[in-house]
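Taking the form predicted on its own, here's one chain by itself in structure tokens.
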């Protein structure tokens, strides 16, 4: 009898009833494989891995309930209608009836994904949690060229670029940017919106090459869903700061490819519009409310008319402010947002043409700075005497102004990650800048702190007026080693070394206090110092005799091995895996330290 034999008429049970293969699902839904893939992407249905694969390991499995869920999806009927309509158009073209084909194309059925967004994301926080891949995909297609053979249309590229600029303008206006890092792949950004951290990757502003061997149909299906999702998120975020969506931009700035700056000006102007007051109880309240609405509509129409008739000056930041009445102050920001907002508060930047303009136009205003660039539509020119920093990436400059600093673009990103204005001496034009450290790496967890990271920590402590321990001394020198060992912060050998170091420090401190007493009594330093040296030598010898290193290590190893023997099997395996991970981490740290020693030896040699 076969292993999975089931008598005829008996109901399926177990994995055979819970899971269904992809070929069975396609046959059950009566659709083609591309349509099935598209439905699964839009509905958020992914393959599953059952513990027992009934049909074999070479099949892809789905939940049976998910396939039944797809069976009653309205989009499935829409796709069938579109397919039937395409057949009609194809038939008309084959009969050389172009008039009928054009009429059919004008009445082609269409669909929207609005209900899918509300179905998959019941709350706004759910949408923010799933925004990482969405932003990465949209920023990727915003930088790609339009390729007709891969069905990458110009309209999709422009829509992705518009959505990405709207998102960046909101982040820059509300100062929600927290981290940024430049890598070979692109530029990483991390923001915090309503308590949710969102991280995405933006490609470099270079000529992108569309590689072959990539299934762009699947990517375009994901992009179709992500465009709708980001439009919903931008709508919600813009209305949270009293700004209408979609925004209306200055056409001259749009023609000059200054979309981000135009969006920033639009948000600065429209976020000052006060919210409508609630109607009062008396009869005159409704009249006041109507008058207030009429005034707001007049202001809005005046703004639209000024924008469309090219009456807005484009040579000064915040030029729309005179069109709208001043409103009450903004909502109170948290401490981190206030810190980010005040980082570049009194600085004014000018960007040369060789630096990444879009990225710097995004990050500098997000931290309170004012920025301009070289070209038409810029807020101010290079000859402005109030400029404090000019971002350049060329070794030679035609002319220099003595009233400003000429720095490389890395200085901006390192200052943002450090949350302080770093010294510009290391970032001057023509010099090799210090290493660009990633803010996404926890140096304490890794176990290795780079030299420049220690320098930044000193500068941060000086900015906060804190006192750090001297180089070579750590927190374990100040805390009790036994407590640190019990909490699992340090290992047993590190605790022994810390205890020895603490005893030696206490002996030296005692010797120092005795010398001070002898000075107060008037005893000569030479006689007292010899006696103290002898006493300190005897004390150190006593310490070394009381704590022989080999014996202490042997005792620690015996205790550890005994505890390991008494462990259950599962916990012992877990403990061994943890030890293997610690040894790998230690070897990586040792390798980094060896490389650092070689670099320092080469520099000194």
Partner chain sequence: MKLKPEQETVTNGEVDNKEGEEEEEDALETSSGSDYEEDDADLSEDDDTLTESGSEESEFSENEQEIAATSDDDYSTDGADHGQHDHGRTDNGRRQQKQDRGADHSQSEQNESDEDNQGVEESDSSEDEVAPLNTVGEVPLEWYKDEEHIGYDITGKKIKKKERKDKLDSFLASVDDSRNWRKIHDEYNDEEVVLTEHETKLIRKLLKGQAPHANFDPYAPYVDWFDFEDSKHPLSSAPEPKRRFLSSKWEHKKVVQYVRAIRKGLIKFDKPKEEPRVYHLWGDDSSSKEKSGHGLAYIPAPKPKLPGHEESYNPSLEYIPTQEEINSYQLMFEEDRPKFIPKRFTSLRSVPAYEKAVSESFERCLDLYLCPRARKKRINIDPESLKPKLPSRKNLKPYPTTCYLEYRGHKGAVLSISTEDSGEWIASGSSDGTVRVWEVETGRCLRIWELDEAVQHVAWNPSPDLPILAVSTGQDVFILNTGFGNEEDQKRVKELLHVEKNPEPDDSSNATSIVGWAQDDKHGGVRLKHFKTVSSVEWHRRGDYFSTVMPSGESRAILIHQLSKKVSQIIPFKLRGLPVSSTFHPTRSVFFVSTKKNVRVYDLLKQKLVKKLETGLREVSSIAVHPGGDNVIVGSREGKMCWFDMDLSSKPYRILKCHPKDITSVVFHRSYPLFASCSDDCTAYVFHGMVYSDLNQNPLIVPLEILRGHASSNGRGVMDCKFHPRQPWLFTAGADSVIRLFCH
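Basically, rigid core = biggest C-alpha set you can superpose within 1.5 Å across the two forms. Positions refer to the first chain, counted from 1. Keep in mind that this is a model prediction, so the values were computed, not measured.
The protein also exists as the form predicted in complex with the partner chain; that form is not presented, and the subsequent description refers to it.
This chain is displayed alone, yet in the model of the complex one of 460, 506, 183, 381 has a heavy atom within 4.5 Å of the partner chain; that residue is 183. Proximity to the partner chain in the model of the complex, defined as a heavy atom within 4.5 Å, holds among 87, 78, 151, 239 only for 239.
The partner chain in the model of the complex is approached by residue 215, whose closest heavy atom lies within 4.5 angstroms of it. At least one heavy atom of residue 226 is located within 4.5 Å of the partner chain in the model of the complex. Using a 4.5 angstroms limit between non-hydrogen atoms, residue 335 is distant from the partner chain in the model of the complex. Mapping the unseen interface onto this chain, residue 233 counts among the residues with a heavy atom inside 4.5 Å of the partner chain in the model of the complex. Checking 363-371, 415-423, 344-352, 102-110 against the partner chain in the model of the complex, the stretch whose residues place heavy atoms within 4.5 Å of it is 102-110. In the model of the complex, 432, 433, 434, 435, 436, 437, 438, 440, 441, 443 are the residues of 418-447 with at least one heavy atom within 4.5 Å of the partner chain, listed from first to last. For residue 30, the Cα coordinates differ by under 2 angstroms between this form and the one not shown after the core has been superposed. After superposition on the rigid core, the Cα of residue 65 moves by less than 2 Å between this form and the one not shown.
The two forms, fitted on the rigid core, differ between this form and the one not shown by 2 Å or more at the CA of residue 591.
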